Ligand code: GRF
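Before any questions on binding or motion, here is one chain by itself as structure tokens, the form predicted on its own.
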């Protein structure tokens, strides 16, 4: 049975991409294969991680392509060329339109650094999520992997993992703990679950 072909969309350092690369090497992800990494930011370190792992890369920016519509069209073209089955958003800081997400029902997943429905939706990304959690005074936070639809962070939840908030946490410290204790294990596990479903449908 052919493994599901995975494209990972990134914007920055690529720590979640590295978790996927490591998980594939260890056999945690065995129903899918990392086949393409697309960055919407020139020089993102995630591209170096992909190249070091022998994964093809592309850089596609809205500025260079002339806006959201040609940007998404270029992504779709690349996904078609590489015969991609699953799209993983791993720190991808660009909201995709409904026209795009509707093309790939249950074929796009995202990792979000909170326990959805807390601290999610438009404007909640990166450190902002952890700042909001600390301002609210919650004792538990965590991460969520969910399917992507037209509503930011609004798709069906696949997996969640709770992480304790500790006294004296800064947003940066909390962000690191959520990555280490939740994101880096959760995203590979969810990716494998969805790849298994895709393979069963073939």
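Just so you know, these numbers come straight off a predicted model, no measurement behind them. Numbering follows the first chain given and starts at 1.
What follows is about the form predicted together with the ligand, which we do not show.
task: Just one of 99 to 107, 84 to 92, 70 to 78, 115 to 123 has residues with a heavy atom within 4.5 Å of the ligand in the predicted bound form, so point it out.
output: Going through the listed ranges, the match is 84 to 92.
query: Do residue 179 and the ligand share at least one heavy atom pair within 4.5 Å in the predicted bound form?
result: Residue 179: contacts the ligand in the predicted bound form.
- prompt: Is residue 15 one of the residues lying within 4.5 Å of the ligand in the predicted bound form, judged by heavy atom distances?
  reply: Residue 15 belongs to the contact set for the ligand.
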